[in-house]
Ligand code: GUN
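Quick setup: one chain, the form predicted on its own, written in structure tokens, and binding and motion questions come after.
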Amino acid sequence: MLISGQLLLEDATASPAGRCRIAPGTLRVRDDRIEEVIEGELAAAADWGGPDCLIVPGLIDTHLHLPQFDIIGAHGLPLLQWLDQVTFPAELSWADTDHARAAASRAFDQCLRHGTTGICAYATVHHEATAAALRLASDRGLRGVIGQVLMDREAPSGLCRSADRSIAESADLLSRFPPGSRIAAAVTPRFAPTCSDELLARAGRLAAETGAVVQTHLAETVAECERVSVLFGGRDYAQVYADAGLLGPRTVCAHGIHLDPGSRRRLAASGTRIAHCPVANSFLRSGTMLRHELLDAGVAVTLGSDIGAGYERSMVRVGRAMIEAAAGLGGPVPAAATAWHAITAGNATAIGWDDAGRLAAGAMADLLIIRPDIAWLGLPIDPLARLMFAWDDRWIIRRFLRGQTIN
């Protein structure tokens, strides 16, 4: 199969690294992978695409909550009240596995409709519901990790599980959907306030024993950080996770807004990733992450929608929000080429997916064909900026998972 158009490629000459460029070219796809990238040549007999199309690797979202797609738009509450009044009631409904399966299916439909083919997702504390979501994602052909949420306190009784039960159920999912699989289970303590020291420590040991991805939240709001200090004897939030063995290159901590220099150094030294969620941070009025300070400290930063505090299902719009958040701080502002990289190869590299998020020989053929209905080439405007700021999801005219069209 030949797919031709304007290819979104990593810019190997960029300094610092982490930008995309576009170039005309053709992809040769065989079975589920890109076999060849022919830059500078538009195939006359291509099966898909055209000279006015942008060919993009499937977009990657490194932080979202499957049960929260149904609560997008619950505005006006800070994080802790939003959890109590909106989120936890929605998550309780996943005790019904049939309901959870239907909700997960709707969430996956929305991800794919908006071009997201790779996810780092949270389910709920419910074991069978999480297993159903993992199976459904696998059957649909998505790439990613999904975690059963671990909580044993500071939440409704219907969402709290003992450490014994939580760890046993997570271990079961990891045996059924092992690390390294196209869809894998993850070790997912929700965040320190809802986890005892014992649960965090056992989660850390489970992740170390299995090589699983760890997902959690870190320093999203001031009130949350203050609660952690009370619950953990004054320890620093990042130190709580370090003591439990939860920090490391397989760990993605969402938010990381309210971090001091020492915490940033600890994260950098451990190789922990921070998922920047600019839309959700604005929606809950949590603050604005200092992305440039984390990068300067050596912390790898990914990008996530954080649905459902995040209300943008499109990762292109999340990329745009990243630019706008930085601009509002008055510091360094990432270019559109940086945002496109963040939602493709940047996110993929940060979470260890070397064959995703990029148009390269050997990469998985998870692809989007985008046909803008506006002029975007040959103008005195960066075409990647033009597309990002004028973005319309209806421009996605074809989606491929593992080389198979899903439209």
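Remember, predicted model here, so these are calculated numbers, not experimental data. Residue numbers here begin at 1 and follow the sequence given.
Just so you know, the form predicted together with ligand GUN exists too; it's not on screen, but the next bit is about it.
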Tell me whether 65, 68 and 191, taken together, all sit within 4.5 Å of ligand GUN in the predicted complex, counting heavy atoms only. yes
Please identify, from 302 to 310, 127 to 135, 316 to 324, 195 to 203, the stretch that has a heavy atom within 4.5 Å of ligand GUN in the predicted complex. 302 to 310
is_contact(residue 232, ligand GUN) in the predicted complex, heavy atom dist at most 4.5 Å: no
Looking at the partner-bound form in the predicted complex, is residue 275 within 4.5 Å of ligand GUN by any heavy atom? no
Looking at the partner-bound form in the predicted complex, is residue 217 within 4.5 Å of ligand GUN by any heavy atom? yes
Residue contact check: residue 213 to ligand GUN in the predicted complex, 4.5 Å heavy atom: no
Only one of 103, 238, 159, 83 comes within 4.5 Å of ligand GUN in the predicted complex by heavy atoms, so just point that one out. 83
Candidate from 150, 228, 284, 244 lying within 4.5 Å of ligand GUN in the predicted complex - any heavy atom: 284
